[in-house]
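Next up: a single chain in structure tokens, the form predicted alone.
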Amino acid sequence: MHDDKDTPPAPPLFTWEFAADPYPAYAWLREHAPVHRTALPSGVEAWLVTRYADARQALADQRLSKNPAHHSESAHGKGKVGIPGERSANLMTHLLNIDPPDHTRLRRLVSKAFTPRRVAEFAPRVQELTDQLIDAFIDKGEADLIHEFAFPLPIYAICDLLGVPREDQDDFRDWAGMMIRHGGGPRGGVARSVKKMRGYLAELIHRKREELGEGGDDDLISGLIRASDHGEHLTENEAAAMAFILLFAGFETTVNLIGNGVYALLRNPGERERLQRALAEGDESLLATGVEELLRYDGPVELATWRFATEPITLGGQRIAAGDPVLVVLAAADRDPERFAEPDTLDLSRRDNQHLGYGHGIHYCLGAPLARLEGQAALATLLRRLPDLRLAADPEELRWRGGLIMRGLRTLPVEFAPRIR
């Protein structure tokens, strides 16, 4: 920490103003307190890691455990780290909460059911969902792109991938909506949704296990069960926890990828026009690099999920005690000028872009190929079908959800010339 009298005062963290634009505060932390201990809104004290090099090191450091049992304040902080309700719903044994060797075994099993081939085969369904959602509002000339587009797309997609029957998917949409609405507020709504999802998934897994003898389906849950039945010991409880975390991690991240991405394009008309021109000419290369740049510039995950020091470690010159929580600030690391040229500039053709939006190391996001597929389909289809899309609100009026891990807009009102579909 610098004591220089010319150093500007530390900006406040976790206020509504901070939620609207955290990047100036993160720039201050990177420069003056790159590994910074602070009290979170929940009262839990944690270290924030803000520089790219330190963040990358922390994400891959096996002395930083994902298991909340290592939290030194586990009695005081019980239920204040991780996903609200997951403990009481018996959903703790998922990839975001465990370390090797259990993590290695579970990840290998889930990877079998989540192959690049499966994701590639899913592309036509994602495109179909994208077009159906746009069809529902294209003749109105206005929409809230969060609630009418960015939110339902990944929910229906992940439900299809998991094998949730179509007639049950609106229930999932409701439960997910409760999670989004209560993300930064009272935890009761989230915990209730988690409990309902848990009960439903347990029943669905039991039903699919019985159906497998008759051939079964080629969905993700059936794949998880098959893997468990080949001597690899994925219990029904582990399968429920895995299905839950794939759903939980796979929907809000993509909602924010699409919402933040569209918003960034609307605020950067030159880049948006470049992308529209490229798409009109049939060139999708800018779309691919563009989605990666949107992930870096204003990604859906602001802070990586919780880690806990299993022994005293030194990070960025700071001594971190055993049991201390560590939160890697992806949003700060991905705008570190030591790593990215002109980091506050959106450049859709940025080549050297090893952003940390999907994490790094053994916990690298398993669903990255699906998120890329959904993000590219959503942005390309919106820009092709609604080329005159424009923001229908003053940016100052927009509200951001005040959660700790995710960063996303509550609403994104847009206008365009109505069209007959």
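Quick note: we count residues from 1 along the sequence shown, nothing fancier. Note that the structure is a prediction, hence the values are computed from the model and not measured.
The protein also exists as the form predicted together with a small molecule; that form is not presented, and the subsequent description refers to it.
Candidate from 221, 304, 320, 190 lying within 4.5 Å of the small molecule in the predicted bound form - any heavy atom: Answer to the contact question: 304.
Contact assignment for the small molecule in the predicted bound form, among 227, 202, 249, 331, heavy atom within 4.5 Å: None of the other options qualify; the answer is 249.
Proximity to the small molecule in the predicted bound form (heavy atom, within 4.5 Å), stretch among 380-388, 31-39, 48-56, 354-362: Of the options given, it is 354-362.
Contact of residue 350 with the small molecule in the predicted bound form (heavy atom, 4.5 Å): Residue-level check for residue 350: no, no contact with the small molecule.
Contact test in the predicted bound form: residue 309 vs the small molecule, heavy atoms, 4.5 Å: No - in the predicted bound form, heavy atoms of residue 309 and the small molecule never come within 4.5 Å of each other.
In the predicted bound form, residue 176 touching the small molecule (heavy atom, 4.5 Å): No, no contact at 4.5 Å.
Non-hydrogen atom contact residue 64 with the small molecule in the predicted bound form at 4.5 angstroms: Contact check for residue 64: no, nothing within 4.5 Å of the small molecule in the predicted bound form.
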